[in-house]
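A lone chain, given as structure tokens: the form predicted alone.
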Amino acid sequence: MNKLTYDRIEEVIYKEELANGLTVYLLPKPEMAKTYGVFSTDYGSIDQTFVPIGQTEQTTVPEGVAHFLEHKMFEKEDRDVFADFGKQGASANAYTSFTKTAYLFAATDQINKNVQTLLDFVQNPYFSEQSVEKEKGIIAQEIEMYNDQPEWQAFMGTLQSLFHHHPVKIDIAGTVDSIRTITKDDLYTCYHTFYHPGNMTLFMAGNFEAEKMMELIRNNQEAKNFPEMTEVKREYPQEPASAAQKENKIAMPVSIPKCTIGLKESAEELRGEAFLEKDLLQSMILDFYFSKGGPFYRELYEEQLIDESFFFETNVEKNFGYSIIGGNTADPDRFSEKAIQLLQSTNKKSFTTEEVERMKKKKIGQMLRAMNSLEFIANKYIHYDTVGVDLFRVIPAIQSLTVERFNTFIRGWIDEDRIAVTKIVNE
């Protein structure tokens, strides 16, 4: 068990890669009453085309399998695993993103039992044809529910406008038509390929002793047999740098229109320092301009083009990225015109030392506040770990960013060919 010490933020993490390939991180927090655990696989909705473990031929599974699989993992032949956690005083959940699937629990008691339950249910799949057919109706209802939400339609409409071929443009849950084609065999194929311990990470944070917790996890894993892990070969389509379409207009029964501006970020494969720098610069610069104290927010608000629903977000993943701004607006045409004009003006921007230092201090403050949350630490640590970044090295990385790096980044940030507009208008 390796001990990783971070003196600046006074944190200690214990790491071990087990014999079966599972990577375990332990963050003891004896001052906390709660313990949080997350068991994550490097497998998300974009992983549709791959070579299954033990095979040589590539296969493509229906859209939405990763999310469908997450739903089915909690259902066993004789029980529902949520009930197991409930009896042990734990709150359990799971989520599927574009790039990962995670199973988690939080508890203040019976921690060892809950850790074993987490590991055992994820590593013991049970799918029957009858239960798979039943689940299709449940997930179809979930998809239809999201289809009726203007906010979700604006988000997915933006991604569909930005990306030509990349599966990030496909709803994580798939479509009603695609989930109808999912079979029990599809679930087992994806499970055995992506749920191997060598493709998974367990992160525990909270009130426990590191040595005893690691011994518990080791013993649990040593009692199970897994085939030898081979590299998972995934295939993604070639994606042009430009946006797929300039504008996407969606008619829905809304009382006030919505408008989002999407910026397609770099589609190149990024890892380590390159990934982290892009992730930091995008988020800090977007915040500089569009947070409530920012010059672009102020200008849009003063012209009555936005209201309290205004939002901005940026997402960098290993082989795709995007930034989105938007919200309710009485004049979507004017909002999109003005917002794009403001974005394009950044190409001539030169940040001052004072502006850069202010951005860095704000970002460090946000990180330090977030690190009071066990959930944030565990999930963010795993997110960064899959691309070769150590979460607890992020603050020094922020401190090392120079004015020159900010200015080099922003001068090549906005390209009209990578911008797409989505408007939600009344039917």
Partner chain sequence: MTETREMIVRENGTNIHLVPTEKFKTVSITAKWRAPLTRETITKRALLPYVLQQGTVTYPDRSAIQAKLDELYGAVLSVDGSKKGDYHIITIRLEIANQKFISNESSIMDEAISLLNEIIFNPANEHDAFLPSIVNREKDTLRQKIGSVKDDKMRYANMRLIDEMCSDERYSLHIHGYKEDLESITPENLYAYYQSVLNNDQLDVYVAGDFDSTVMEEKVTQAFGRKQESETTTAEKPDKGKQLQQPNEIIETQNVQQAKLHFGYRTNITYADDDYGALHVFNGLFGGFPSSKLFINVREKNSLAYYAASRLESHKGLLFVFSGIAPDDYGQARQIIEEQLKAMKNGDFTEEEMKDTKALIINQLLETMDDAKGLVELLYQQVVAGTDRSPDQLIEDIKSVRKEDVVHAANKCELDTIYLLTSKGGELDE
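Just so it is clear, the structure is predicted and the values come from calculations on it, not from any experiment. Numbering follows the first chain given and starts at 1.
The discussion below concerns the form predicted in complex with its partner chain, not included here.
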Subject >> Within 4.5 Å of its partner chain in the predicted complex, all of 8, 292 and 365 (non-hydrogen atom) >> reply: yes
**OP:** Please pick, from 224, 349, 87, 76, the one residue with any non-hydrogen atom lying within 4.5 angstroms of its partner chain in the predicted complex.
**Re:** 87
**OP:** Using heavy atoms only and a 4.5 Å cut-off, determine which of 268, 80, 333, 273 is in contact with its partner chain in the predicted complex.
**Re:** 80
Original post:
Pick from 337-345, 148-156, 273-281, 314-322: which stretch has non-hydrogen atoms within 4.5 Å of its partner chain in the predicted complex?
Top reply: 148-156
Original post:
If you check in the predicted complex, is residue 298 within 4.5 Å of its partner chain, heavy atoms only?
Top reply: yes
Subject >> in the predicted complex, residue 306 touching its partner chain (heavy atom, 4.5 Å) >> reply: yes
**OP:** Look up in the predicted complex whether residue 30 has a non-hydrogen atom within 4.5 angstroms of its partner chain, and give yes or no.
**Re:** yes
**OP:** Using the partner position in the predicted complex, report whether residue 144 sits within 4.5 Å of its partner chain, counting heavy atoms only.
**Re:** yes
Original post:
Which of the residues spanning 338-354 lie within 4.5 Å of its partner chain in the predicted complex, based on heavy atoms?
Top reply: none
